[in-house]
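Listed next as structure tokens is one chain, alone, in the form predicted on its own.
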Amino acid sequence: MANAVEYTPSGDAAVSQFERHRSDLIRSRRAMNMLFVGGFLLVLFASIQVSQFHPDRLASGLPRIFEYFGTIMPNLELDKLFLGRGENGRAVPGSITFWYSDFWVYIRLIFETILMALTATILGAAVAFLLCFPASRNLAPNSVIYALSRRFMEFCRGVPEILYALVLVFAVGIGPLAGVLAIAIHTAGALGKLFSEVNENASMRPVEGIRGVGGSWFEEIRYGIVPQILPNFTSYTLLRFEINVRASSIVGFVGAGGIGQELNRVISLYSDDRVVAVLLLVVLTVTLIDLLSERLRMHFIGKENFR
């Protein structure tokens, strides 16, 4: 037959060589997998030992968590629960009004916290947007700019917000400005990394087309990349806003404003029932923001992407 494959001695040698090479690759891959699994198990064992993550200790400690919450809960009395303030303007002990006697102070500080998070997110996202393009492997003009952009973003997100806040409180004084700047710096580093990874997954066909007709680097980014990645950027920015609301509550512990400053005050006064009152409002606020962010993300990305 004209199309039949003729096996010759040289053809058999080539097939044998291919099989040997394939077997070598399989052995090499198997050895690498075993080495990886062994290293992972070793690190996991060391982590368990260092963190003392022992089941018996965890089981004995869980009931104490509930005991602790039992000691800090407010002393509410059912028959006085919904009583308002008396003729003298004072709340009745045992009522919700007494527990939340500083309710409007908390609301004002939580509103201040949300504004801090919003400002910090806008500032950080703007810096991240500018840095993410030179920090993307497929878009960086050269390796020096790529490395500098990457290292700068690593520095920004490598230091915790509270440490930035400590330095900035010393520099600009006690108040929300230090908290906003601290969170904005960390946001720029964290979002910049996420944005650059989105850029590296974008299709380069539009960029190649713009480059082929003589477009500049800025035109490649503006018309070839930005339309592709904008929905993902928006989604990550909204997620970061939620994180920043929680972060704003933490930086307040060092005098950077917001509800965290009040939380630090009631903790230092050993006013446990007030601590619970503030924490409940913070959790409620974060939940509401999470629901709102989810709706905004679906609006920008499209409901069909969640099906």
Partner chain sequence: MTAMTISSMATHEIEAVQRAHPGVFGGNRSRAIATAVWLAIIAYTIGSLWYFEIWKLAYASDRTWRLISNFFVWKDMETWQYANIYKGIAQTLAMAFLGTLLGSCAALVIGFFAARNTMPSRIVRQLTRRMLDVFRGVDQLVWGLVFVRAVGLGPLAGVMAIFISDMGTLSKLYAEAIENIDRKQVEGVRATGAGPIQIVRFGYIPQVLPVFISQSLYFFESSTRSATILGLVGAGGIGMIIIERFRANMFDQVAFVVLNVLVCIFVIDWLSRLIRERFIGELSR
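Because the structure is predicted, anything quoted here is derived from the model rather than measured. Residue numbers count along the first chain shown, from 1. Between two forms, the rigid core is defined as the largest C-alpha subset superposing within 1.5 Å.
Quick note: we don't show the form predicted in complex with its partner chain, though the next part is all about it.
By the heavy atom within 4.5 Å rule, which residue out of Arg211, Arg151, Arg108, Lys80 makes contact with its partner chain in the predicted bound form?
By the 4.5 Å heavy-atom cutoff, the listed residue in contact is Arg108.
To verify the annotation, which of these, Val167, Met204, Leu130, Ile145, has a non-hydrogen atom within 4.5 Å of its partner chain in the predicted bound form?
Residue within 4.5 Å of the partner: Val167.
232-240, 154-162, 94-102, 191-199: which one contacts its partner chain in the predicted bound form at 4.5 Å, heavy atom to heavy atom?
Answer to the contact question: 154-162.
Tell me, yes or no, whether Ala125 is in contact with its partner chain in the predicted bound form, where a contact means a heavy atom of each within 4.5 Å.
No, Ala125 stays farther than 4.5 Å from its partner chain in the predicted bound form.
Please tell me whether any heavy atom belonging to Leu76 falls inside 4.5 Å of a heavy atom of its partner chain, as the geometry stands in the predicted bound form.
Answer no; every heavy atom of Leu76 is more than 4.5 Å from its partner chain in the predicted bound form.
For Leu177, is any heavy atom within 4.5 Å of its partner chain in the predicted bound form, or not?
Contact with its partner chain, yes.
Closest heavy atom of Glu112 to its partner chain in the predicted bound form, within 4.5 Å or not?
Contact check for Glu112: yes, within 4.5 Å of its partner chain in the predicted bound form.
Heavy atom within 4.5 Å of its partner chain in the predicted bound form: which residues of 24-60 meet that condition, in order?
The stretch touches the partner through Arg29, Met32, Phe36, Phe40, Val43, Leu44, Ser47, Ile48, Val50, Ser51, Gln52, Phe53, Arg57, Leu58.
Is it true that Thr71 shifts between the shown form and the other one by 2 Å or more at the Cα, once the core is aligned?
It does shift by 2 Å or more.
After superposition on the rigid core, does the Cα atom of Ser47 shift by at least 2 Å between the shown form and the other one?
Result for Ser47: yes, a 2 Å-plus shift.
2 Å or more on the CA of Leu35 between the shown form and the other one, with the rigid core superposed, yes or no?
Yes, its C-alpha moves 2 Å or more.
Hey, the CA atoms of Gly61 and Val266 end up closer or farther in the predicted bound form than in the shown form, with the change being 3 Å or more?
Compared with this form, Gly61 and Val266 lie closer in the predicted bound form.
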